[in-house]
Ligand SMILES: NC(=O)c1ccc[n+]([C@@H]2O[C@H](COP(=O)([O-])OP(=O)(O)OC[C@H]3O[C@@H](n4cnc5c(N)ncnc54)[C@H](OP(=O)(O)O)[C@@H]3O)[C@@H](O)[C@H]2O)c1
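Okay, here we've got a single chain as structure tokens, the form predicted on its own, with questions on binding and movement later.
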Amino acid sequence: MPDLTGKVCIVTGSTRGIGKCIAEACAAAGAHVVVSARGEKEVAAIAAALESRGRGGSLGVVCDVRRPEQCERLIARTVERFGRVDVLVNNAGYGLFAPVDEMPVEEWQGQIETNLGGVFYCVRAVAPHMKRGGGGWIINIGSLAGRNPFAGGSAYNASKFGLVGMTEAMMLDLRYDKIRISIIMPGSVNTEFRGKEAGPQNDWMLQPEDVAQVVLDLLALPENAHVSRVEMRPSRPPRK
């Protein structure tokens, strides 16, 4: 585990599932952690829990990443409280799946704005602070759906394919400012995403803690090393 003592980490979509595990892992490594999602009560509860058992401080900020001004406020509140931002994990996202001719326009827009636009808004807001602070890490949580299309995934696939390209372009934009940008692309994860029920019946899947471990592994890399993309999948999925 890397020593993140004194580091400031923002995790979007961090009140449940993968994001919550990432926030907990960063807190356990000693970081100050900023919890963010749309639900005020959930954000406050997770931030308080991290504050009580982590070695660093914690802050909860309500943020709908589809709103650029809220993303800017998230970054501003973090800098106001902790003075800097060292790590941004863009985890907020969702999927609704339907044939393209049955996909509601508002759901198309919501997925593109959340899964793709939200990352852009947050990175755009945080980059100037990371530059002034001497660098940082930005880790985008994508999906294997960013390279494997499937029926019913027109909006979700578009957002995740786009996230791969945007991550790689952002990496080229910011690498000489000592800002490393990576994408983690998990396959099936044992969470409530996509309407499935999390639980022991899904033990063959990746666990949210597995994704959090990869985040810590990236943050442990020496300054001269950069892993730009990590693909994750269950090691032994059910045979078809």
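What you see is a predicted model, and the numbers here were worked out from it, not measured in a lab. For every residue, the number given is its place in the sequence shown, counted from 1.
We do not show the form predicted together with the named molecule, though everything after this point is about it.
Looking at Glu51, you'd find every heavy atom of it more than 4.5 angstroms from the named molecule in the predicted bound form. Although the partner is absent here, Gly30 sits far enough away that none of its heavy atoms falls within 4.5 Å of the named molecule in the predicted bound form. Shown alone here, Pro186 lies within 4.5 Å of the named molecule in the predicted bound form, counting heavy atoms only. When contacts are judged by a 4.5 Å heavy atom cut-off, Val65 counts as touching the named molecule in the predicted bound form. Heavy atoms within 4.5 Å of the named molecule in the predicted bound form are found in one stretch of 81-89, 166-174, 138-146, 101-109, which is 138-146. Although the named molecule is not shown here, in the predicted bound form the stretch 12-50 places heavy atoms of Gly13, Ser14, Thr15, Arg16, Gly17, Ile18, Gly19, Ala37, Arg38, Gly39 within 4.5 Å of it, in sequence order.
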